[in-house]
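Shown next as structure tokens: one chain only, the form predicted alone.
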Amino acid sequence: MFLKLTILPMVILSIPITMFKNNSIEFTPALPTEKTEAFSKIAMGPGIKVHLKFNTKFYDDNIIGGKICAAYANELVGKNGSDNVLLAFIMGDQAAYLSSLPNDNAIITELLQELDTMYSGQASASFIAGHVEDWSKHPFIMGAYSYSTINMGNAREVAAKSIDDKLFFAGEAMNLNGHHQTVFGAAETGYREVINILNSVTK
């Protein structure tokens, strides 16, 4: 007895929305116009994470109100470890400004100067090392996460719709349960599209 398998070409695309908007992938045949128009209505802004390590904990666990970084957080809260690490999470215009600086050291210097103002020079005095993660400069990401635009309507629903049971769309920007901008929201869409594929091959 032989088992006959029919192999159908199916692909789950889980790339950032910027890759669709910038036509980073060439589709043959081209994607439907309604699909590309939906992509154009979903935005993604710049985002930067900076970890700053110090030899002493001079700072509060949560720091709100900075002009360069609106929110700093103690990275060790709820974790085991003895290092003094402060996380700066920067989005929007502030992230765009920092990203425009010539190098990572310039970004770290801006943040240390801001913390020095808040904590009377203690940041620079106790600074050990820093690490910058600038998602807008990653060629296959080019941003942090998606956000809704004015009058976007049902763009997410159109963007997430499969094409001819061959192309399936996942990723946080394609989440239809209000969980976009999250890792678990991205994973949720991956699971959804696997189920969609299984349903399509068992019709």
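These numbers were taken from a predicted model, which means no experiment stands behind them. From 1 onward, residues are counted along the sequence shown.
Keep in mind that the form predicted together with a small molecule is not shown, yet the notes after this line are about it.
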A144, A160, A38, C69 - the one with a heavy atom within 4.5 Å of the small molecule in the predicted complex: A144
Residue contact check: K49 to the small molecule in the predicted complex, 4.5 Å heavy atom: yes
Partner proximity in the predicted complex: F89 to the small molecule, non-hydrogen atom cutoff 4.5 Å: yes
The small molecule contact at Y191 in the predicted complex, heavy atom, 4.5 Å: no
I12 within 4.5 Å of the small molecule in the predicted complex, heavy atoms: no
Option from 28-36, 171-179, 147-155, 55-63 whose residues, in the predicted complex, bring a heavy atom within 4.5 Å of the small molecule: 171-179
